[in-house]
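What follows is a single chain, given as structure tokens, in the form predicted alone.
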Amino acid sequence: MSASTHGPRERIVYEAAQHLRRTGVAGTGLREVVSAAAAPRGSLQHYFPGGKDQLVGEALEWAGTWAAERVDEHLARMRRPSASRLFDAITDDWATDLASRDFERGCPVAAAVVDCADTNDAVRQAASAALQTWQRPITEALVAMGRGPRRAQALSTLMLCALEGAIVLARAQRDTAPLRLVARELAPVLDA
């Protein structure tokens, strides 16, 4: 995302997602987000009258949409799509991102859930919607690969659960091995 091609509102949402990746909801300061977005100080009240909950919700929506678009991009590049190849591409994305950023940024959706799913229903709902947005193209791809709808839903849930857990382990261990391991170990299950 380039600051020159997006307006202040979009930059604020993007920066909020990046802050969530690093510090979760509690650690995401609104002033820091606005500053990182190079946006005018009054932007928060103007664009986000619902305050931090609205901004976090929109950042999570952005994250879900971005992840769904990445799934579509991976599928478009595959000559012969398979569930394991798709999962491998997704885990490879995360391994590359984590390693290139010295493991400082995880999934903003997971961070929001861990931070306040039990205390902030608006954020919990936004996180749930973001995960559904991300899961939808995975499920649809699995159906297109010949899985029945219920099996495709179960496999896409398995993929996201394994991925999120592997991201947490990779950050804790500062090593991408957990991502590679889940991709390798789930491949036979995903392609069965």
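Bear in mind the structure is a predicted one, so any value in this text is a computation, not a measurement. Heads up: residue numbers just count along the shown sequence, starting at 1.
The form predicted in complex with the DNA exists for this protein as well; it is not shown, and the discussion that follows is about that form.
Exactly one of the stretches 143 to 151, 163 to 171, 36 to 44, 125 to 133 approaches the DNA in the predicted bound form with heavy atoms within 4.5 Å, and it is 36 to 44. No residue of the trio Pro81, Asp93 and Pro137 has any heavy atom within 4.5 Å of the DNA in the predicted bound form. Among residues of the shown chain, Glu32 is one whose heavy atoms approach the DNA to within 4.5 Å in the predicted bound form. Although the partner is absent here, Ser156 is not a contact residue: none of its heavy atoms lies within 4.5 angstroms of the DNA in the predicted bound form.
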